[in-house]
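What follows is one chain in structure tokens, specifically the form predicted on its own.
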């Protein structure tokens, strides 16, 4: 179908985040009329608090490249690998397990305070209508009356809760971690390639850290590192409620590293906050929501991105899910041609995304929120001695569906360990 024949196909997206802006810009290039509604202007986002610990692996980066949305790729630090460490349980400050492995292609993290304002401007440049207002049910009704398809892509706020929780797909019903982010400069580099450095502290939580690109001043950017703390509720890392200032947030970050991960503390002891807004703390309940909201009028609204798929950040898949979901919806919208975007199409589109991709990501991510079974500990330990195994575990972050082959089955894990150790020998 020629793009000009699609001019009458109008789509509204509520939410100007990774999924909404990416999909909106891609659809504009195919001739669709797209309106995005958000309650935050670009300058408010740029000067506001950090929003997430977004890290994007190469398959999702490629989607951005294909759609001409990789404006910061040259400036953003490249992360070439995954590092993994478990400290000894005796508190001696030694490493019981430690390895690192290269990713097949680099990943990157661009602060959403940089990316979303830039993408808003790009959306307008491509011909989209960008509106700034709070959205509740009356506004959704108006959008649904004026557009053929309305996508609800806001990840936060009461409006997304109207979609309702899909209980069958949401086995976890409470936050499993106390989360905190600390954006810093001045971190010492490793003597090997840049990694997402993941540390698992049994009974305490997880800490991972990686390079990123963030804001500097009114219109400039700078390299930084993002510290991500995931504390087991009630444990010693569940301490962020006592923090009252950005300076205290940094002090708490360094105290945790000094206590549990001295090798990370040595890299970080001279760090400074990127800015007073470069800190965040909170809790997330992993949730899969229903794909379709029925408004009082009977009109339908479809969920997109974080509105329907909320993962704990422990595996760094949030922005990747949003990006791959945007591509999936894009293809489904194009394939629909001139047919209506009815409820059956909405449910089929989301179910195909969930069953074909997201379900395995959700399952793997949720598994890391519980004490690891013995075979997973053996997998991680064996990776120290089998470079092929370390490589495979690391590159699962690119496409977590691969973990379904061995992560959840002790016999499959043992076969993989044996095969990789033989090859290493």
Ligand SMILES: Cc1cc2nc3c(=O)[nH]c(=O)nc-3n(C[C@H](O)[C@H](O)[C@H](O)COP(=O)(O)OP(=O)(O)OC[C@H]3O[C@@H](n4cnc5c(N)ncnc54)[C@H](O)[C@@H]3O)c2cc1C
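Positions refer to the first chain, counted from 1. This is a predicted model, so every value here is computed, not measured.
The next section is about a form of this same protein that is not shown, the form predicted together with this ligand.
Only one of 225, 206, 306, 264 comes within 4.5 Å of this ligand in the model of the complex through a heavy atom, and that residue is 306. For the options 338, 171, 157, 93, the residue carrying a heavy atom within 4.5 angstroms of this ligand in the model of the complex is 157. Interface residue remark: residue 39 is counted as part of the site for this ligand in the model of the complex, having a heavy atom within 4.5 Å. A residue is said to contact a partner when one of its heavy atoms sits within 4.5 Å of a partner heavy atom; residue 24 fails this definition for this ligand in the model of the complex, lying far away.
Residue 210 belongs to the set of residues with a heavy atom inside 4.5 Å of this ligand in the model of the complex.
At a distance threshold of 4.5 angstroms between non-hydrogen atoms, residue 53 is in contact with this ligand in the model of the complex. None of 376 to 384, 66 to 74, 363 to 371, 45 to 53 except one has non-hydrogen atoms within 4.5 angstroms of this ligand in the model of the complex; the exception is 45 to 53. Residues of 9 to 48 that come within 4.5 Å of this ligand in the model of the complex, judged by any heavy atom, are 14, 15, 16, 17, 18, 19, 20, 37, 38, 39, 40 in sequence order.
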